[in-house]
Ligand SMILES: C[S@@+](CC[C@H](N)C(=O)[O-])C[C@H]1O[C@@H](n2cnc3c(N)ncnc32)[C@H](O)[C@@H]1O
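Below you will find one chain, with nothing else, as C-alpha cells; this is the form predicted on its own, and questions on how it binds or moves follow later.
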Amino acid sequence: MKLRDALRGIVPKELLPLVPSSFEIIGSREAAVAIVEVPPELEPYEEEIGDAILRLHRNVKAVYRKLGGRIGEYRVRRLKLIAGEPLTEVVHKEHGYRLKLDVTKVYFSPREATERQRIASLVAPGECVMVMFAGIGPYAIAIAKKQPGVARVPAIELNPAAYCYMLENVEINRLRGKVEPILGDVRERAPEWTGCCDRVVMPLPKGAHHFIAEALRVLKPGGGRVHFYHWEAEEELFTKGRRLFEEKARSLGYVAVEEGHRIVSPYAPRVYKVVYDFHVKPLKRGSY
C-alpha cells in the first residue's frame, strides 16, 4: 500500500495529491528511521502522515520531518520527530556492509546506494582512491568492499561526528588498513597525498567545484580519474558542471576528458544532483 492510499479518509481529498510519493528509510529490518518531506499545506496532518508510515513499515521506529534544507558548516538536516520514539542512531545495511550513524548529527542518503556501487565497480586492484567530503564513509567503504584489491582509500571529512562514525564503520566492516579516515578540511589534508592517487571521488554537490585544484594535485603524475558531483537545474543539465571542471583543469595545466555523466538523484523541482566522470591528464606543452 502506498502512503497516499493509507491516508485516504484522513487527509482531505483535495490535499491527497500533495502527500509525498516517497521518503527515505535509514536503518535495517531490526530498526530504522524514516525521513519525510511534508508540504506546508499538510503540516496540520504531519502526525497522521508519520503514523501512517509506521503502519506501512514495521521496522521504522521513528518518523522525522525535514525542516528546510541542510544547514551549518557540516550541512546537517534539521529534523522534527512527528511519530514514534526518539530514535536517532541506527545501523544502515546496504550491499553487504553496515553503516552506523545518527541522522541528527550527520548527512547520509540511502538513495545513493546505486551510485556508490557504480563508482566502486570502476575501481581496479592496486588503485589508491581518495574520497573527499567522506561523511560516515559510505563511498569509501563501498569501494573497499567491492574491490578488496584496492590499495588504500584515504577519506577526508570535516564534521567530527561524521568522522567518529566513519572510524566505527571501518571497524564494523573490518576495513582497517584499507580505508583511512582523515579528520579535517580537504584544503589542508588533501595535499598530504599529492601525487599518490589514481582516482578521486568528490560527492559534495554544493561547492565541490571549489576543491577541483586539490583533487587534481593528489592524482599521480600521469593523471587519473575524477568523479565530480554538482547540482544542476534542468535547463543547464550536464553543461555547467562540465564547463566548471574543464576550465579549472586547463587553468592548472591539465586536460579533462569526460567519460560519462548521469543524474544521481533529484534535489528539488527541476534540480538534480549529477555526476561527471573525467579522465584527467597533464596538458602537454604546445597543446590547445
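From 1 onward, residues are counted along the sequence shown. Here the structure is a predicted model, which is why all the values come from computation and not from measurement.
Beyond what is shown, the protein has a form predicted in complex with the named molecule; the following relates to that form.
Proximity of Val218 to the named molecule in the predicted complex falls outside the 4.5 Å heavy atom cutoff. Residue contact with the named molecule in the predicted complex: Pro86 places no heavy atom within 4.5 Å of it.
Among residues of the shown chain, Gly184 is one whose heavy atoms approach the named molecule to within 4.5 Å in the predicted complex. At a distance threshold of 4.5 angstroms between non-hydrogen atoms, Leu204 is in contact with the named molecule in the predicted complex. None of 171 to 179, 77 to 85, 142 to 150, 106 to 114 except one has non-hydrogen atoms within 4.5 angstroms of the named molecule in the predicted complex; the exception is 106 to 114. With the partner omitted here, the residue from Ile119, Val90, Ile156, Ile212 that has a non-hydrogen atom within 4.5 angstroms of the named molecule in the predicted complex is Ile156. Residues of 134 to 149 placing a heavy atom within 4.5 Å of the named molecule in the predicted complex, in sequence order: Ala134, Gly135, Pro138, Tyr139.
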